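Only one chain comes next, encoded as structure tokens, the form predicted on its own.
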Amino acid sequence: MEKKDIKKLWRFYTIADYEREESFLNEMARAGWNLTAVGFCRYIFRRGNAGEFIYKLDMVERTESDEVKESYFNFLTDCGIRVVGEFKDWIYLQKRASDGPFDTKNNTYAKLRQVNKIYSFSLRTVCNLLRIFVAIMLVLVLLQVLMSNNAGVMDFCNGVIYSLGISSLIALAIIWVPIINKLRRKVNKLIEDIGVNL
């Protein structure tokens, strides 16, 4: 395979932008570039026939057992769907365009299930980050108490506590709050489309 038949691209998407990522993969497929591997912000494509495949992203939660995942992957294979890549909790699905779309025309419930999984994952991630943050802060406070007779250690711990606290809160506010709000709006929109009154 020649180098010109392989294309490597770097692109960044947040967890809330999975639909844009799917659109990008399907645009590449329509142009004759088929996904072969994924990584952190990295996509590898191989030249193929234009429009031969279509792509979809799905989230498989880590809490699911290996047997459940294997059963799900076998089901996908039986449906003519291939897992072309995995990254963290995401799986990248490929199927022949001639077999029809992944979704039916009225797939609001499936979209709601998907967005709800992503929303729950985002909330769990924020909670886990907060747990790590609290644990680090507790260790620093304990170190500060144990070394209270050493002014240098006290100053160091105070500096780390303040800088870590402020930077962590800023990071959560800048990165995760917009993502969670965007996902919550998507969930509410889909619930509204279904016609459920909250």
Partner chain sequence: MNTTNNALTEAVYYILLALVDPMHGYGIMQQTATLSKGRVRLSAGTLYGALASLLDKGWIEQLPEEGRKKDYRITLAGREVLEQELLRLSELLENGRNTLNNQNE
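Positions refer to the first chain, counted from 1. Fair warning: this is a prediction, and the values are worked out from it, not measured in the lab.
Although not depicted, the form predicted together with the partner chain is the subject of the following passage.
J.: When the partner chain is placed as it is in the predicted bound form, which of 65-73, 134-142, 168-176, 33-41 ends up with heavy atoms within 4.5 Å of it?
T.: The contacting stretch here is 65-73.
J.: Should residue 110 be classed as touching the partner chain in the predicted bound form when contacts are defined as heavy atoms within 4.5 Å?
T.: Output for residue 110 is yes: heavy atoms within 4.5 Å of the partner chain.
J.: Heavy atom to heavy atom, is residue 102 within 4.5 Å of the partner chain in the predicted bound form?
T.: Yes - in the predicted bound form, heavy atoms of residue 102 and the partner chain come within 4.5 Å of each other.
J.: Give a yes/no on whether residue 127 approaches the partner chain to within 4.5 Å in the predicted bound form, heavy atoms considered.
T.: Taking the distances in the predicted bound form, the answer for residue 127 is no, it never comes within 4.5 Å of the partner chain.
J.: Would residue 81 count as touching the partner chain in the predicted bound form under a 4.5 Å heavy atom rule?
T.: Yes, residue 81 sits close enough to the partner chain in the predicted bound form that at least one of its heavy atoms falls within 4.5 Å.
J.: Taking the partner chain in the predicted bound form, which residues of 160-180 have any heavy atom within 4.5 Å of it?
T.: Contacting residues: none.
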